[in-house]
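We begin with a single chain expressed as structure tokens, specifically the form predicted on its own.
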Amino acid sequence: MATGRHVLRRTVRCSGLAALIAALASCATGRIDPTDPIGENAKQIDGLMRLSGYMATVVGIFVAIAVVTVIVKFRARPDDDPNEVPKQVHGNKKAELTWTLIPTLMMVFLAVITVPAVFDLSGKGDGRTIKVEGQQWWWQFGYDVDEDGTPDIVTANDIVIPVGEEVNLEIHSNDVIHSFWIPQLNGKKDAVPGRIHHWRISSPVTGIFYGECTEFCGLSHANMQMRAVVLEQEDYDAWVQEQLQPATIPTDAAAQRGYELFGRHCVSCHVVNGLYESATNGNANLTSGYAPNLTHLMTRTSFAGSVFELYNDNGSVNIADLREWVRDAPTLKPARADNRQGMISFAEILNESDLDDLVTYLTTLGGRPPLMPS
């Protein structure tokens, strides 16, 4: 009797703990929220996940009731003969067929509605195509890619798309396997060296939607984030026109000094269209061959793989983090600069005045993001 009660109490405790863990695991944290789909593709995935979750819940409840019933019904009693052997049962065909056929039918049902969705989500649409490139540890996006693979517009961390348009993605990797995931717009899609994976994203509303790499890719995998910036068509067209403009040499004295410092210390990796282009076409001094193109840096909302905001809440430039990033990036984001993976430290190379001038120059590269308050 005591043994049966002990087993029952332990089963109830374990069931409660499992339910608590499941509830906590389902809670969305931070700005990445898989439970709030916005794009049609994300809604399709969410519908399938919810349906399978409901079915699994029903099965779980049935199994839990069956387990508790067996524990209570067949528990040891004080008047039981300890030497009595229970009735021996060879099998129960009805029960065996029931617990075999029902799950089989459930799996067939899920397959029938899931397999077509998988092919539909993987297909290429009729909209514009953006080239997505993963590398350690940030994302690059190329627009209007020519036949030779050269894009007219290159940006980093922020993928900018017009509202209401389904955009095709051609996902690549320039070093190791990564995985592209902006859950409110679509599911995950791997970026594999030597392969192209097709994917689609869209949003019926404007705004900023957050994502991250979901395939372990090295030291700063957890710091490899991205975001989709969805604009009204008018704002998107204006953004495109600005991105097509090359940079110019600044006239401000401090910015000019920063421009010269950039030419001495940064051009082996970073490109500024129209001024510093020696590292273009994958020639950056990095394992991946690419570093963020900085021609229109200030039109973005984030930097350092979207780890840091480029602007403060009041709309001012986040000079503090930008300056510290330039000074000593490896202390803010783990990297292996000695292995050509990530940005090197300039703490022993640039003095305080140099840092001020270089950051001043960086703030001249492009205008403000369309969604950023003035």
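As the structure is a computational prediction, the values presented were derived from the model and not from experiment. Heads up: residue numbers just count along the shown sequence, starting at 1.
We do not show the form predicted in complex with a small molecule, though everything after this point is about it.
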item	value
Contact flag, G305 vs the small molecule in the predicted bound form, heavy atom cut 4.5 Å	yes
4.5 Å heavy atom contact, S203 and the small molecule in the predicted bound form	no
4.5 angstroms heavy atom contact with the small molecule in the predicted bound form for A255	no
4.5 Å heavy atom contact, N157 and the small molecule in the predicted bound form	yes
Residue among C217, I153, A247, C266 with a heavy atom within 4.5 Å of the small molecule in the predicted bound form	C266
Heavy atom within 4.5 Å of the small molecule in the predicted bound form - the one residue of W199, Y259, F180, W138 that qualifies	W138
Contact stretch among 181-189, 282-290, 68-76, 81-89 - heavy atom within 4.5 Å of the small molecule in the predicted bound form	282-290
4.5 Å heavy atom contact with the small molecule in the predicted bound form for all of K124, I130 and A228	no
